[in-house]
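Just one chain follows, in the form predicted on its own, and it is written as structure tokens.
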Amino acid sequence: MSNEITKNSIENAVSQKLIRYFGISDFEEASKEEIYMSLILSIKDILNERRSNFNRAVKKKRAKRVYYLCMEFLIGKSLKNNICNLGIEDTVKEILTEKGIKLEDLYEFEPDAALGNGGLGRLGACYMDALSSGNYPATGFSILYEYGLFKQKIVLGEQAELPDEWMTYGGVWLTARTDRAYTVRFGGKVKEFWREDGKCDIVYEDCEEVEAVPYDYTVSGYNTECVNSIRLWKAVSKRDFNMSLVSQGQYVRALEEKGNSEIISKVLYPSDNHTEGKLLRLTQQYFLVSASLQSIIFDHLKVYGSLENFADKVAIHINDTHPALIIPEMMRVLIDNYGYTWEDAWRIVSKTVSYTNHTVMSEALECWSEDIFKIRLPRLYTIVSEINRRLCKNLWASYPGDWEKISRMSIINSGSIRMAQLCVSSSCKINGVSELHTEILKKNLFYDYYKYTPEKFINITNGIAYRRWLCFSNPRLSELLDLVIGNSYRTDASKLTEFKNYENDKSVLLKLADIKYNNKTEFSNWLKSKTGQILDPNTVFDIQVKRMHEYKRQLLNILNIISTYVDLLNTPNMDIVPQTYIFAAKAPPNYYMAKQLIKLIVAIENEINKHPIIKEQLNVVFVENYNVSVAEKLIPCCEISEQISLAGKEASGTGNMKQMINGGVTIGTLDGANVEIKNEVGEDNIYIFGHTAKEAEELWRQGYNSILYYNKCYKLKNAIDFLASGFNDVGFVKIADYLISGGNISDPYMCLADFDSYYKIHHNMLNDYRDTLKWQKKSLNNIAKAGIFSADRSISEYANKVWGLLKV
């Protein structure tokens, strides 16, 4: 592919952009910003041309398309990813080097696109990458968040949230499609006018209209001509700027009238601990699905001229419950706009829509108040009510008199509209994202539905865009793999298994150790230059990077660190493996406990920094504003991968896969994809501890009492007592009370129940780390067995088992 894009063509393209957009005729006159912009515009031209060619091929073949709806896409930076996918990195480096410019400086200049936050958004980005790499016709849909979630700053030991203004230099990747804007309606009154032919005309009165303007973000594939796109919707007020208010001197009110609509696409996940936040979240979700469906139908009619074959040519995927409103919205459009009967519309919808569940956590299984829903989305409320009425009628026929079961399965219950029930009752397929998670869905969360329609439920374990997380992020390891097994693994991840043949090759194992040390040194230098925080690459890097949440159990990790710290205070010359613990995560602004955990980690970091001798043996660092580009630097350094959630709570995880493929060795519970990692690498190459999901559920059912564990384990008791006394003059009595003094809800995620097992297995793990060859053999086996967790494999399974999608 790099042969098709020559050095001269790239250089000429960048030069033309400098002239056209900046009036600069010479590289030497251009600033870094101007060269950065011109290079991206040149890469965009290549991608847009390929996207146009691919779309023509799809239309000619009349191929089925998948539309992937997700509230977030955690894309990260795109310049390096696209250049590497196109196979032109060496060529671009050569051009820039001749001009005295480092390509790495331009990579650093690009901000992360603030379009996502956590695993859900990163999975969506990985899947779009795999869809393009696999030559599948696909479009992602989300919202163009102007400020994303927030930019995290640690101020006086606590998280502060700042606006993440990424659009100035990141927005250059976007292509505005103002010709494809659509109107979305909210609120008002809906009137029905029944005709003699039995059909109904719907008239909207006094509703608020918002314009959804699309911006396309191109997604390249690796070593392929396929380019897909993510369509991002920006909310624009349809109200004219009120000049009469301006003439009256009411300038602020004139701006407010436009701003009330445009707030829809300002921020990701507004706080929902108040009515205004809930209302905005509901508004965002309907805005996304309404605009997206209008776009999907427009594209379909342009090719086929009819909706009769819609379910045969279109697959719509709901990634978690956020886009669930696509179901009633599609019913509304088919019935109200195209005159379909309820039965015919339902046949199309139930064959077109599929759903991935990503969590068993009750707070993430969205429910909406009927009152809010009815006011904000009056027409959709009548449709959801009718879907629920027909569902309950069918359930009554199957389970006559079983009101309790029907109540559990109903969409509307006790004044709430439940999005998970809407998805499960209406989709053609429902999948979990790891073997354990899918079994929990079938046996617990959606048990009634599984018994009712078992054929709908399947498992598709998550996967990662491994080229980004291995080949592009860890070039030293990739070069070693190229040398010993060839480069075929870059297009077929299953070829990584050939690396296992070298598990007893001392020279390869020592090279692995050298690569890890160099990666650690590089990250340590980068972190010091950015924050002043100091890491010692001669220590073991123990990493826990994931969303800050109680069930992820950063607190269990912290308790073990405190226990080690107390031991070192009492015995400074204690013989231990020097260890560095690295945390990174954002806490939702309204999540008190998560923010307290960040405060605690930073307090421990500051406490240890007061003891230089202890710091040589034990170090803790919290890396602020964790995002994709930080992860790309940090994950190749991982030696111990902390995957320690309470068993049964983590659906899958993908951080465990990214760290595994970079040679990190997992310490974890039998939760999520850890179960499948263990099956792949074997018991000798993973460190499993703690209660199983079944044991944890039984322990809770019997009446879990955390104080028993506190009294039984002296190391745990010392750690909690020290925690209560505080660090660096900062007290954490509330966290100690949360663990042992909360009555029936003490320690809700059983950190204390698993502490002793965790402490012992962690101790064994560090002892194994002392033996370099033994440890690197474990690392090698993790790399060799990581291919199964490729997003290419996941997407292939979705294409075959769910969407009926063929490559073009």
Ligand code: 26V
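Please read these numbers as outputs of a predicted model, since none were measured by experiment. So that there is no doubt, residue numbering starts at 1 and follows the sequence shown.
Just so it is clear, the following notes concern the form predicted together with the named molecule, a form of the same protein that is not shown.
- Heavy atoms within 4.5 Å of the named molecule in the predicted bound form are found in one stretch of 515 to 523, 73 to 81, 695 to 703, 264 to 272, which is 264 to 272.
- Remark: residue 650 counts among the residues lining the named molecule in the predicted bound form, judged by a heavy atom distance of 4.5 Å or less.
- Among residues of the shown chain, residue 316 is not one whose heavy atoms approach the named molecule to within 4.5 Å in the predicted bound form.
- Interface membership of residue 119, defined by any non-hydrogen atom within 4.5 Å of the named molecule in the predicted bound form, is confirmed.
- For residue 364, a non-hydrogen atom is located within 4.5 Å of the named molecule in the predicted bound form, even though that partner is not displayed.
- None of 351, 633, 358, 456 but one reaches within 4.5 angstroms of the named molecule in the predicted bound form through a heavy atom, and that residue is 358.
- Only one of the listed residues (291, 433, 219, 719) places a non-hydrogen atom within 4.5 angstroms of the named molecule in the predicted bound form, and that residue is 433.
- Along 626 to 640, a non-hydrogen atom within 4.5 Å of the named molecule in the predicted bound form is carried by no residue at all.
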